[in-house]
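As a starting point, one isolated chain is supplied in structure tokens, in the form predicted alone.
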Amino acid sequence: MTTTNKTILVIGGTGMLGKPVAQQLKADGFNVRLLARNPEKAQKLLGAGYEIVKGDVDSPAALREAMNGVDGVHISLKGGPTEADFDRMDHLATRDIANAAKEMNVGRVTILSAYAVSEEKADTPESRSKVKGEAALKSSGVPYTIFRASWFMETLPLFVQGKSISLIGNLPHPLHWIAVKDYARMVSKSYQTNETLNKELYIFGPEAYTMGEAMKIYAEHTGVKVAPMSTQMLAALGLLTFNTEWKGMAVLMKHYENWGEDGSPEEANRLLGAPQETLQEWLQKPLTSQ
């Protein structure tokens, strides 16, 4: 399937996981459009060659304007930390984007989700909102692809404070860490074939490490120390300091204490090419390029 003259709208294209997708789509020959609250900031972040429409996911008019003439929409949104904000972004925004895409005859919608999103595992505000958002996407009638990704290597620096990296909770499950570069390539490839339509694809990296093992490798490379902390302690600190981010992180990590990976990456790897970059290879790159 040729990419010539095909336009993909990326919603959340200035974020840590959305920006690389926009860049990969552009590198692969797609015209890339972004919906951004601050077009000047988005343009500065991404550089030339992107069409940017001013607007927010809360505006149906902005969504329709941004979708005018596009062939696909990629959703890379992050909600939280409050329950209302998770519902706004992961459920209601996904619902509204899907409905607008159907109305505007968009060919497909792709969305970044997580491996532990299902009715059975909906034990947090985030997971419940994602379940409802995915249900709305599926029921909208627009063709879709859901990417159920494992943990991204790029999240590891987010746990660093000062000279320590925080290992929050007891996380015994092996995780197939994935580099965002590989994920972005797979998203772009999905727009070049119809075999990915109406599928849930598990995106797992080439190696499995528990959270503790991955943080130990990261710490050895960067010179920080691993600092264990229970989810109960983090939640208590969040409550005492009125820090909603800490309270939300405690809830999130408790969720991942309970749930490891399931599903198989076999279909995604066959259709899109298996991720190749290992954690050690990722660590060799300058942090500014990760």
Ligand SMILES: NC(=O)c1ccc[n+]([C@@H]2O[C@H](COP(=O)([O-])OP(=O)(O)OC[C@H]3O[C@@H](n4cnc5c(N)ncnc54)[C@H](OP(=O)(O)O)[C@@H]3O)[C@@H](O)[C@H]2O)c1
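Everything numeric here is computed off the predicted structure, so don't read it as measured data. Residue numbers run from 1 along the displayed sequence.
Absent from the display: the form predicted in complex with the named molecule. The rest refers to it.
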| message | I'd like to check something about P275: if you look in the predicted bound form, is any of its heavy atoms closer than or equal to 4.5 Å to a heavy atom of the named molecule? | response | no
| 4.5 Å heavy atom contact, K225 to the named molecule in the predicted bound form | no
| message | Within 4.5 Å, heavy atoms only: does L17 come near the named molecule in the predicted bound form? | response | yes
| task | Flag K78 as yes or no: does it have a non-hydrogen atom within 4.5 angstroms of any non-hydrogen atom of the named molecule in the predicted bound form? | result | yes
| query | Hey, of 217-225, 260-268, 33-41, 242-250, which bit sits against the named molecule in the predicted bound form at 4.5 Å between non-hydrogen atoms? | reply | 33-41
| Heavy atom within 4.5 Å of the named molecule in the predicted bound form: which of F152, Y144, Y202, Y191? | F152
| Which of V57, I52, V70, L234 has a heavy atom within 4.5 Å of the named molecule in the predicted bound form? | V57
| field | Contact set, 99-131 vs the named molecule in the predicted bound form - heavy atom within 4.5 angstroms | value | L112, S113, A114, E126, K130
